[in-house]
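Quick setup: one chain, the form predicted on its own, written in structure tokens, and binding and motion questions come after.
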């Protein structure tokens, strides 16, 4: 079995443009694959619910162009997963269209363009529920109900390696994937070359966020991963970074409550006995990873549902007495809202930056020493008209709050804008579940076309 090299230029393609200098250094290493993840649920439920991208189109096009030209230059496969942030069907179609246009723009010789979808029909899941096949909740969520299903706008399934492998076996030169497990994008490339699941999935785990596995921190820089039987080697392509034992081992813990296990469709990567060795100044070697096949094949589902229209208000507070009593000011404003709109049928949030705006009630510092505060008010309601009026009431009533020692009529609260501002609608995660399937490919229809001239 030969060594397989993969470069990853961006841990979330399009979220910020990749750094071209380190990318070209990576291309010069003549990798066997160029791959990147383009999605994340870190961006919240809004993009999936509204079926939009959170990344600017120009940034997505920039990264796709860099990767496409390099892959055709080297004649190696290019693989993208979770197209357009969410991996919905429209985002896959968007990326396929971009690749086609770029191929024509640069006069690229014809190549095979494979893609797959990840959206799941509600009725498919409804029949699963009715047949008694539980759609099991993650993170202590209860099993999916028809009521929550009906509250959902869009649903995607998270693909494992299987649709990527299928398209690679068909000879795809470029693959645009729907919603995908981050590590599976890279693992599929390694497995297509005969590498075992344990090595392939660890390679995927360490490459998924690109230069996040290197130090010092530097986003959107290219990283090179190499897999050999029983070992994975990783190195940073930016001259300013190094892949060290600490940075690589630390990345295994990134965004994980359990730093030793990575769940994927079909099994679990076990990193409990991994050994890390600094073989060169910029190269870390990893051994000892294992993979356990699951007894039942389950696929993760993500679903988002709209909760209402949303307006935003912003208030600044500099008066020391009002700063000290900001909780009473907010409670006054909430009371005015309740008197007019009641207690139900809307959502109202206050974020006090300078006090506990980021962590809310979890903030361990209970006595703020800030001399000024920024209060962000969010109101969510079924219609834009109601949301606007609630937000206006909730924001302006802070100006009129009655505090015990206040004798004047104004000056305690200021407004950046006199009006409140319409923002994107509010969504919530309705589905964070897994579903059992018989065929690993049944939720991921694959297609193959030609691009270029």
Partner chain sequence: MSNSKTTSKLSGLAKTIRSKNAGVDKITFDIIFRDRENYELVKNSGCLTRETICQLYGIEDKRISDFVEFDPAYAIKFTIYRNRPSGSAGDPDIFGAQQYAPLLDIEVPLP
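Model, not experiment: these values are computed from the prediction. Positions refer to the first chain, counted from 1.
The discussion below concerns the form predicted together with its partner chain, not included here.
Mapping the unseen interface onto this chain, residue 249 counts among the residues with a heavy atom inside 4.5 Å of its partner chain in the predicted complex. At the 4.5 Å threshold, heavy atoms of residue 426 reach its partner chain in the predicted complex. Contact annotation: residue 288 falls outside 4.5 Å of its partner chain in the predicted complex, judged by heavy atom distances.
None of the heavy atoms of residue 26 is located within 4.5 Å of its partner chain in the predicted complex.
With the partner omitted from this view, the residue of 240, 253, 294, 134 that lies near its partner chain in the predicted complex is 253 [heavy atom within 4.5 Å].
Contact annotation: of the candidates 65, 41, 51, 32, the single residue with a non-hydrogen atom within 4.5 angstroms of its partner chain in the predicted complex is 41. Stretch-level contact analysis of 165-173, 77-85, 184-192, 140-148 against its partner chain in the predicted complex, using heavy atoms and a 4.5 Å limit, identifies 140-148. Shown here without its partner, the chain carries 9, 111 and 442, none of which come within 4.5 Å of its partner chain in the predicted complex through any heavy atom. Contacts of stretch 360-388 with its partner chain in the predicted complex, defined by any heavy atom lying within 4.5 Å, are made by 361, 362, 364, 378, 380, listed in sequence order.
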